[in-house]
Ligand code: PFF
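The form predicted alone is given below as one chain in structure tokens.
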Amino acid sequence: MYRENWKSKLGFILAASGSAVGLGNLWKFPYESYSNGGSAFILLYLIAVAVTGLPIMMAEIFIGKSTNRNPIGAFKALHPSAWHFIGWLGILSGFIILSYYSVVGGWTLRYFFQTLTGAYLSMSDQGISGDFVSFLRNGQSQLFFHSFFMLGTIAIVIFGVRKGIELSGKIFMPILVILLLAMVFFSMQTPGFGKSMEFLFQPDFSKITAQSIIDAMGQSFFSLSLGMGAIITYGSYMQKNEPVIKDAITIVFFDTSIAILACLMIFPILFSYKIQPAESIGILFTTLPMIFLKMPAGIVIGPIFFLLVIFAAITSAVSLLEVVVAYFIDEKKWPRKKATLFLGIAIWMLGIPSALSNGGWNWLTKIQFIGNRNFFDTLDYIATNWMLPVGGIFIAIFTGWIVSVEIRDDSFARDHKMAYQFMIFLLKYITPGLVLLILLHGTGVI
């Protein structure tokens, strides 16, 4: 059966970068940086990326490229044993995460239209903030935008690797960068820009704590969309003669650059309007729309910002759906159209309870799951704090210790030998322990 590959190396880089660049880059990273001393945290993050994120990114590309198979098929091909459970974990993670990620993606669509039509121009600050709460409780509206976002994701994946995923990456990612640079330009006009530059480029190491170090490691792992099989799947469409480490570094550099640009966009707004950021992504839909209207050209800034967020969300969503679809195409021999439609609808259906967690089904809103969380937050907790770190740990161990050295050496033949040896050293002795710390912290053990 014919299996597609990337039309160009640029297509792979942009698609994989689109998978990595998501809502976490645009809000979570600025929040973590702001809360942990600005540039001091960013330096920690860069170190964490080098010893945690980059090695696993490299390992996932290697696993996919060396087999040209989906996550489950890749592990089976490299080592015919029970290790393919890692692939199952990645596919299940992608299925679960996309179900509620699509709900959040729907929020971005809704707020793009709200800001584009000027719906907030006549509202007070309290009215704008209350609008988000009302929207969350409106089950019909939640379902509509969840469905609309999922439909867009399905439409891209159904066209395949070259005409769907690669083409969308080549369109969306450059536009995303342009929009982000435009937002940085607008932020430069605010009175807090000078203070934000000091905060961003003058490290205050007194604010660094043990918690900051763990946060930096966690951010370096989650920001790159690792542990869920997306990079394995995208790597499986590569040509055999492509360098692994060089491409991994390029993707990590792109992802990190977007995160730092997001800080340049967000920090001046925080300092200008004396906002204390919250970890919850909800601030994107409550506080920021209020602030945009107070900024010069605010009626233009709002739609640009939410269009930027849409592009970041859709490129990540596409990679999550492709992880699941690729398995059924490779292993079950389903046609792409059938696999995409069937699995897209199944994921959409799992997302319905998440969309209605705050309103719509009264009985559902009263049910408390793990740690008194609602359905949406429970799925997020399980996937983020358990499934992804466990997947990352075993991917590192598998690549460092289990896979055939001959296969590994052959796949890395085009990479610098010392860089390759250093990455394998990290995967063997350093990276698994660091991701274990992320797991223990996320689950409340430490």
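Between two forms, the rigid core is the largest collection of C-alphas that superpose within 1.5 Å. Please read all numbers here as calculations on a predicted model, not as lab measurements. Just count from 1 along the sequence shown to find any residue number.
The same protein also has a form predicted in complex with the named molecule, omitted here; what follows describes it.
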>> Just checking whether G24 would be counted as a contact of the named molecule in the predicted bound form - the rule being heavy atoms within 4.5 angstroms.
In response: yes
inquiry  = Can you tell me whether A326 touches the named molecule? I mean in the predicted bound form, with a 4.5 angstroms heavy atom cut-off.
reply    = no
Does any part of A20 reach within 4.5 Å of the named molecule in the predicted bound form? Heavy atoms only, please.
yes
Exercise. Would W107 count as a contact of the named molecule in the predicted bound form, using a 4.5 angstroms cut-off between non-hydrogen atoms?
Worked result: no
Contact with the named molecule in the predicted bound form, heavy atom within 4.5 Å, among F172, W348, F135, F222 goes to F222
In this chain shown alone, the residue from I165, V103, I251, L320 with a heavy atom within 4.5 Å of the named molecule in the predicted bound form is L320
The stretch from 262 to 270, 143 to 151, 311 to 319, 192 to 200 that lies within 4.5 Å of the named molecule in the predicted bound form, judged by heavy atoms, is 311 to 319
Contacts from 229 to 260 to the named molecule in the predicted bound form (any heavy atom within 4.5 Å), listed N to C, are A230
**Message:** Please state whether G400 has a C-alpha shift of 2 Å or more between the shown form and the other one, with the rigid core used for the fit.
**Reply:** no
**Asked** Rigid core fitted, is the C-alpha displacement of W27 between the shown form and the other one 2 Å or more?
**Response** yes
- request: Superpose the two forms on their rigid core, then report whether the C-alpha of Y45 is displaced by 2 angstroms or more between the shown form and the other one.
  value: yes
